[in-house]
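Next up: just one chain, as structure tokens, the form predicted alone.
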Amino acid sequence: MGSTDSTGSSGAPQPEPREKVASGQVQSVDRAIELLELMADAGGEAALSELAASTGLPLPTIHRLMRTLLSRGYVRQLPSRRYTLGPRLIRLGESAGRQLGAGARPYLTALAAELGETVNLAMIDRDMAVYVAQAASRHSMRMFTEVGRRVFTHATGVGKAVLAQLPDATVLEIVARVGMPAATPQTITDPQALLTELATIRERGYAIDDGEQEIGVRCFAVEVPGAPTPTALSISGPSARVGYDFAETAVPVLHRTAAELAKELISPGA
């Protein structure tokens, strides 16, 4: 009879056993989604052996799942034999983004009416922050950001509020991949300075963009707690109107609305 030692006969550590799929769920679907999420976490590309190491699943099982995803366009196989996320996911993501924006818009509209400035909802996507919904200020001089616009996370309030939800190691990987270009003289361009800023955000409970993306504009942003993807809610306007005293009123309202949005984003199981 073979040894029961968890390291196996080779002495190499074995992956932890996966948790059982909840009753009523389809195991193969659960596993396929897990593989896609692991690839996304790895930057969008992975080898079968890497997926096996992360999941503890046998290589033949992973190969069958990946071949199915490949046939439907949800993954692509590179000449190196590695797999990357496929183009069919783009359409799903765009559709999900539209639906998310539609569901969030009433909350943003109410928030903009209460505070009088422009409100944005953004989430992280492929190392950038993407705006998924907006409600404009009633003022003639107001901030406008096109829904769907992608911005660097280090230079925006929503971006920093999103990064503050991630481990520092992940943050460093992101800025190493996309860089830290300066949008204004106020932009943080040093990785260690960014980590210090994120530590402050976590302790304070909100992020500030003080002319870092656009001179003369100030933004306060908070996380949407428990969102499936790191997400942030912000309010912004001209620095002359959106001062630091404005934050005393705005931030608690942002947190309240973010908690309401979290319930919208996290639908209960069927």
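The shown structure was predicted, so the numbers you read here are calculated from the model rather than taken from an experiment. For clarity, a rigid core is taken as the largest C-alpha set superposing within 1.5 Å between two forms. Quick note: we count residues from 1 along the sequence shown, nothing fancier.
Omitted from view is the form predicted in complex with the DNA, to which the following refers.
Segment assignment from 34 to 42, 204 to 212, 63 to 71, 234 to 242: heavy atom within 4.5 Å of the DNA in the model of the complex: Single hit among the candidates: 63 to 71.
is_contact(residue 77, the DNA) in the model of the complex, heavy atom dist at most 4.5 Å: Contact check for residue 77: yes, within 4.5 Å of the DNA in the model of the complex.
Partner contact for residue 91 in the model of the complex: the DNA, 4.5 angstroms, heavy atom: Output for residue 91 is no: heavy atoms all beyond 4.5 Å of the DNA.
Any non-hydrogen atom of residue 177 within 4.5 angstroms of the DNA in the model of the complex: Contact check for residue 177: no, nothing within 4.5 Å of the DNA in the model of the complex.
Residue 53, heavy atom within 4.5 angstroms of the DNA in the model of the complex: Although the DNA is absent here, residue 53 would stay clear of it in the model of the complex, with no heavy atoms inside 4.5 Å.
Did residue 55 shift 2 Å or more between this form and the one not shown, C-alpha, core superposed: It does, since the residue 55 C-alpha is displaced 2 Å or more between this form and the one not shown after the core fit.
Threshold 2 Å Cα movement between this form and the one not shown for residue 242, core superposed: Shift at residue 242: below 2 Å after core fit.
Per-residue C-alpha change between this form and the one not shown, residue 163, threshold 2 Å, rigid core fit: Result for residue 163: no, shift under 2 Å.
Closer or farther: C-alpha pair residue 179/residue 76 in the model of the complex, relative to this form, given a change of 3 Å or more: So the answer is farther.
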